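So this first bit is one chain, no partners, the form predicted on its own, shown in structure tokens.
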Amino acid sequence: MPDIMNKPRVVIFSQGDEVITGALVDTNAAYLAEQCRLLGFDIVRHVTVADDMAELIQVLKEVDAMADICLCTGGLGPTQDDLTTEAFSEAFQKTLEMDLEALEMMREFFAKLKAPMADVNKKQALLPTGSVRIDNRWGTAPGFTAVGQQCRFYFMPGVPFEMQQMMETFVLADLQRQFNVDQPQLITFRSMGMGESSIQQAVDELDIASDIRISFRAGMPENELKLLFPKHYSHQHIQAYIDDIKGALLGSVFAVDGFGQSVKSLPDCVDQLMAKNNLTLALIESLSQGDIARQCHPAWLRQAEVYPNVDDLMVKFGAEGKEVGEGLAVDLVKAHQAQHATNCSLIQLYERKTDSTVAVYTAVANHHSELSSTKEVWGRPLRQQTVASALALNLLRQLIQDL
């Protein structure tokens, strides 16, 4: 096993005309980068190469000279533009041999589909000498891992599902066997309502050790703060950092991911809380135009209505002539809660202030209490809808946690 004192250097290699031209979005590279980061590896380059034999051979040699690991996707199919295996064999003088077990697995796959296997598919069972096959039980093309001159290459199909299954069933474990690196602990603070610059300033005021890697991911409406802790940090030490950062971010953190729990987004956080507490929701939304309902799990969303025209909503509740605002939203959600056999109710009203600004009034209630908020939202209609949805889900989260 190589004893890599420094973090292994990784190149992520994507092959195919459809990727280099933008006809397909390369989601594989993003997935592989995240897996490498979680393992504690350093990603030094992303490379995309067209279906061209000379280019593939040249780039494979360049990668071999610069990296310890290369994760490759694409080019393992049966057609004439699938050149990856042949390019590797040419680049490093490896002969190709028919892997009879891979060939039999392909025949079994086609038999399950009740479809004949074309002769061109046999090409996919040709693997370089000295390589280790990576079984593909989800498609036809087997992958393989092999060493060039110094770099260890992992070749996987370009189909995202097949590639991810190979990573999870073989590649991740093999990487940890081959490279002696302590896996770090990633902690992600998911927040809303505090801008990236304000988060940065709050973090700067804390005494965070220099060996903890800090990164940000700004989004709309959520922001992420990521801390990557070396393995030697104890549970108690990490928890102390979590407590300090949550305090510094002034209540904007709605979830901490990676320390005994997995929360991937605000809707995911709400979904987990609703399921954990066995709650149901009745929902009326206006500005978000159904976006809140689309993010709710059908298991707990009992009723959802959309009123793009707030006047129609006012007529529904007999509130014509009343001033639209947070107080009215509270009154309506109380009435709504009394009428429905659900644990929680949520109502969203809005009032247009200018051509690009609206005031969003949101209220949530259960049988014991209610919460409400007023927020001016600016920008294009899609941005307004997105922010309005997030404000509503975040208020629902707060109500549940107050339970």
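Start at 1 and count along the sequence shown; that's the residue number. What you see is a predicted model; the values in this text were computed from it and never measured.
Missing here is the form predicted in complex with another copy of the chain; even so, the following discussion is about that form.
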{"item": "Candidate stretches 126 to 134, 144 to 152, 91 to 99, 305 to 313 - the one whose heavy atoms come within 4.5 Å of another copy of the chain in the model of the complex", "value": "305 to 313"}
{"item": "Contact of Arg9 with another copy of the chain in the model of the complex (heavy atom, 4.5 Å)", "value": "yes"}
{"item": "Partner proximity in the model of the complex: Ala390 to another copy of the chain, non-hydrogen atom cutoff 4.5 Å", "value": "no"}
{"item": "Another copy of the chain contact at Val253 in the model of the complex, heavy atom, 4.5 Å", "value": "no"}
{"item": "Another copy of the chain contact in the model of the complex: Glu34, any heavy atom under 4.5 Å", "value": "yes"}
{"item": "Contact assignment for another copy of the chain in the model of the complex, among Val47, Leu371, Ala335, Leu39, heavy atom within 4.5 Å", "value": "Val47"}
{"item": "Interface residue in the model of the complex among Gln289, Ser265, Asn121, Thr280, criterion: non-hydrogen atom within 4.5 angstroms of another copy of the chain", "value": "Gln289"}
{"item": "Residues in 73 to 109 with any heavy atom within 4.5 Å of another copy of the chain in the model of the complex", "value": "none"}
